[in-house]
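Heads up, the chain below is alone and in the form predicted alone; it's given as structure tokens.
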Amino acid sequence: MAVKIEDYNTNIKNTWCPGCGNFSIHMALKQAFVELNLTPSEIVITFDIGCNGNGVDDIEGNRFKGLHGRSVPLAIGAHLANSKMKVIADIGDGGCLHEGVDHLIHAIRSNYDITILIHNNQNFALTTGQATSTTKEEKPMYAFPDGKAEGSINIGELVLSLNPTFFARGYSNDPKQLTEILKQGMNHKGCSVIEVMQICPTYNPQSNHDWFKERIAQSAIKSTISEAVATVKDTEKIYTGIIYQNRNRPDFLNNLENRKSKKTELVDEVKQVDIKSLLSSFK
């Protein structure tokens, strides 16, 4: 039986502001699952705390909402337990680049076969608009009325500095393109990092659709990391699309010698073990 969008809809009313980019991001995510013919029982989505994390109620499937910045290690654990599942870590720019930056770095380094979806609205929206690492330095924000006092992080530049196997950038007001990016990211064998430039009409109203429309441009895939870095560092344009992909590097499990001969998943190998003799040795 063919998978339908309705299979992923829920009856829970979400709490996103009117015009929030999360609506179209979730629409694209659901559409990608449908076009890949994945049923809700075949996916795992781990959520961050924040506005994006409130999407845990908006989509069917195996869902887990963790602590702030921790959706990536949850996704890694789910993938290692059962690599047959499609696993997506759904996280905001705040959680990902503050508490969660170490998890992002090591997921890319290890090349776990998961998809990391970073919602970049350039603020902590759920807590009323504090600055994050991606907020422009001169931009006045809640608690920084004269502009952010700290430096900023370019997500693409950070990811590409870690020798990734897949990096793409989408835009929340282009769900058609985002759907294609998500499909290719989920089909990539390795760690796929997808940054989504997201509209936040309440706490970042300056970066509205008209602002993005002047800057958004599509990029062809780059053959080298240096070309990809130049693309994401462009100050005039915000390039979207699959910016870099390397299909030649093995993912983590395929690079793990003690798992290469295994036909089962770790979740199948869990069993009870009598440890009485072990405990008695400590008496």
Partner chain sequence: MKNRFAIKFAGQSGQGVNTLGELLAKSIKNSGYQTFAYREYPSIIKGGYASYQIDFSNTEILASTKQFNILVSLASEALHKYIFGLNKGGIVVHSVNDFDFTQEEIEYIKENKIEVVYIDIEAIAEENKAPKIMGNVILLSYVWSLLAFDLRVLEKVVKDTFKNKNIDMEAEIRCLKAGYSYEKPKGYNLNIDIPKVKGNWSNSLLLTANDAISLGAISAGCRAYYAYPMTPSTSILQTLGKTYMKTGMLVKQAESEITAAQLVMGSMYMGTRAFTATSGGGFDLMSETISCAGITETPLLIVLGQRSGPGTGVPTWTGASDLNAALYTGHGEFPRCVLSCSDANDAYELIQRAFNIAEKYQIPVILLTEKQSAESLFNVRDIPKAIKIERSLKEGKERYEITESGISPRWIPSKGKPTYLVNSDEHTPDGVSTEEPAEIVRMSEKRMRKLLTLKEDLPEPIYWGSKDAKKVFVGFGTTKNTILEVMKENEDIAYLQYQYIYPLKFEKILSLEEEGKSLILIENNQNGEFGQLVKKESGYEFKEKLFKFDSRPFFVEDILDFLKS
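Given the structure is predicted, the values throughout are model-derived calculations rather than measurements. Residue numbers count along the first chain shown, from 1. Think of the rigid core as the biggest set of C-alphas that the two forms share within 1.5 Å after superposition.
The discussion below concerns the form predicted in complex with the partner chain, not included here.
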{"query": "Residues Pro73, Leu253 and Leu278 all lining the partner chain in the predicted bound form, heavy atom within 4.5 Å", "finding": "yes"}
{"query": "Contact flag, Ser223 vs the partner chain in the predicted bound form, heavy atom cut 4.5 Å", "finding": "no"}
{"query": "is_contact(Asp102, the partner chain) in the predicted bound form, heavy atom dist at most 4.5 Å", "finding": "yes"}
{"query": "In the predicted bound form, Asn62 touching the partner chain (heavy atom, 4.5 Å)", "finding": "yes"}
{"query": "Exercise: Pro40 in contact with the partner chain in the predicted bound form, heavy atom 4.5 Å", "finding": "yes"}
{"query": "Segment that reaches the partner chain in the predicted bound form - one of 42-50, 227-235, 213-221, 26-34, heavy atoms within 4.5 Å", "finding": "42-50"}
{"query": "Residues of stretch 245-283 in contact with the partner chain in the predicted bound form (4.5 Å, non-hydrogen atom)", "finding": "Phe252, Leu253, Leu256, Glu257, Asn258, Arg259, Lys262, Leu266, Val267, Glu269, Val270, Lys271, Gln272, Val273, Ile275, Ser277, Leu278, Leu279, Ser281, Phe282, Lys283"}
{"query": "Post core alignment: Ile275 C-alpha displaced by 2 Å or more between the shown form and the other one", "finding": "yes"}
{"query": "Shift in CA distance, Asn258 and Lys276, in the predicted bound form relative to the form shown here, given it is 3 Å or more", "finding": "closer"}
